[in-house]
Every structure is written in structure tokens, then in C-alpha cells.
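Next up: a single chain in C-alpha cells, the form predicted alone.
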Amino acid sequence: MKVEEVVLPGVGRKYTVTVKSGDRIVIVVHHSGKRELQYFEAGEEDEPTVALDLTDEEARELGAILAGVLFHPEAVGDTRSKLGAKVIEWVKILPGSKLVGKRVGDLALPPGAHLLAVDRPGAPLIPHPGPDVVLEVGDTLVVAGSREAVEALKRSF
């Protein structure tokens, strides 16, 4: 897969993702949060086969689905997905954890570790949680990054 990024002055950024088959997805992320997705079949240069506009919230939910936050197939393992030298891990907050009651903004994430989502039982998924989200017993944190950064983050918990 090949990803190209272009800054669009006054608009935002454009990402062109070309997959092995030659098909392309063009994603325009506007400063307003709006996303435009365009699908081009291999060999098509001018007009997309399909175009779709997404709100910021819809784009984040779609991203969470694609990242395997909501469901991760058994083929990728129990709690770990290999993305080259990167990993995604699901870390459950247990009773007595020093994370209980902490705000996401107060977490000291090591360089290279990223909090993708908080999965709270009985509540909607919280993709890309803001700094004011307070962590609770039973929450599952979806973290990603280099193996070293994610392991360092887990040790800090």
C-alpha cells in the first residue's frame, strides 16, 4: 500500500491511498472536520467510481472500525495486531488500577504510543477520547504504537 499526503492551502490535507490492485481511495480532510472520500478503480484517473462525504464524527467511527477497535478478527490474534513494527493492544482497567478516576489528558503517554479509543461497557465507543474523558473500572483502552512504546505504556499502568 502506498500513501501520499498533500497540503491543500485553505482547505486541509489530501491523502491518496493506492492498494496492491491499483485501486485508489482519495481522502480530503477539511479544516472544518468534513471528510470527502473518493474511490477510483485501477486505471481511472478523472472521475471517481464512488464519492462519499462524512462528518467528523462519522469519519472517526469509520476509522475506529477500520482500525479494528470495534471488532478484531481472530486471524490477528487475541489482543495484538501486527502492523509491521507497530501493534494495537486492548488494555482493560481493573479494580484498584491507578488509572481509575484519571482524565485522559493527565495520562503520560510515552513517545510513539497513542490512545485510539475507550471502550466502556454499556456505553457507545469513545473514539479518539478527549482530554476530559475520565477513566472507569471496566474500561478497555485501545492503544497503538511501536511495540516498545505500547509495552512502556502498559508498564506505567
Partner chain sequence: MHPSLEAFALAAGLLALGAALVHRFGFPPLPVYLLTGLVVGERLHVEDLEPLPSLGLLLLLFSVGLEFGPDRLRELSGKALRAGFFDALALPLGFLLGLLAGLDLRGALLLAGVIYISSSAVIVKLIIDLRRAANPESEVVLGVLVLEDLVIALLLALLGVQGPVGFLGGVALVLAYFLFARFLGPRLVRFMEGLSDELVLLLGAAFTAGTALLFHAVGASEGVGAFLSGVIAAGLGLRERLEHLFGPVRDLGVALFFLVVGAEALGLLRGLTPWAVGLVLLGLLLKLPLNHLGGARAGLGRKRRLYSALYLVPRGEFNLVLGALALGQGYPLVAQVAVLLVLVSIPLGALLIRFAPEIAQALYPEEHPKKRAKRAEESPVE
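Remember, predicted model here, so these are calculated numbers, not experimental data. Numbering follows the first chain given and starts at 1.
The discussion below concerns the form predicted together with its partner chain, not included here.
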property	result
Residue 61, heavy atom within 4.5 angstroms of its partner chain in the predicted complex	no
Distance check, residue 3 to its partner chain in the predicted complex, heavy atom within 4.5 Å	no
Heavy atom of residue 30 within 4.5 Å of its partner chain in the predicted complex	yes
Residue contact check: residue 51 to its partner chain in the predicted complex, 4.5 Å heavy atom	yes
One stretch from 40 to 48, 111 to 119, 90 to 98, 127 to 135 that, in the predicted complex, holds residues within 4.5 Å of its partner chain by heavy atom	40 to 48
Site test, 9, 14 and 36 vs its partner chain in the predicted complex, non-hydrogen atom cutoff 4.5 Å	yes
